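The chain below stands alone and is given in structure tokens; this is the form predicted alone.
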């Protein structure tokens, strides 16, 4: 059985497909909004060196990734262990060497990887204009504004993804998540723009 088939099998027997998907969206959204907030904050502040902005955003991205990884692993390992224990109790047998036992050990790792990778990868995508500008590559607009546009685009795409999952209008769903991002930006301008 290939690795992909094995992962699908373990997710199916633990019924955790939706948990993986939910963690990806929730933490990807967190990563995008955090980067958006940081970049707008730097935009409103006195001009900071680009390397300072990159380091601050990179630090936040790594922290988001580690937080997602560790918190999901701890909570999912406990949930999978509990579920396995209940199943063993119902079947009056040891399932540690069964597919259910393997799922109880591997599914928390998979969920933790998704939970940690989503905010990290999305944050790194948002930082691309900053790195390009730092490397001397000319951009058509300020790297901070380009990063904000990428953040808004990714947030819109997460909404589109949610719309497809819920089988509702992808445009409406994308615009709803985009509205949250715009409201976040407006609040930052309101409270930090003085």
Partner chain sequence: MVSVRRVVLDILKPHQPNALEFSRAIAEIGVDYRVRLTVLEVDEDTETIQVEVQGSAIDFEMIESTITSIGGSLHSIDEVEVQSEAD
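This is a predicted model, so every value here is computed, not measured. Numbering follows the first chain given and starts at 1.
Heads up, the form predicted together with its partner chain isn't pictured, but that's what we're talking about next.
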Can you work out whether residue 80 and its partner chain are in contact in the predicted bound form, taking contact to mean some heavy atom pair no more than 4.5 Å apart?
no
Is there any non-hydrogen atom of residue 13 lying within 4.5 Å of its partner chain in the predicted bound form?
yes
Should residue 98 be classed as touching its partner chain in the predicted bound form when contacts are defined as heavy atoms within 4.5 Å?
yes
Does any heavy atom of residue 91 come within 4.5 Å of a heavy atom of its partner chain in the predicted bound form?
yes
Only one of 74, 106, 121, 87 has a non-hydrogen atom within 4.5 angstroms of its partner chain in the predicted bound form; which is it?
87
Are there residues in 120 to 142 with a heavy atom within 4.5 Å of its partner chain in the predicted bound form, and which are they, in order?
none
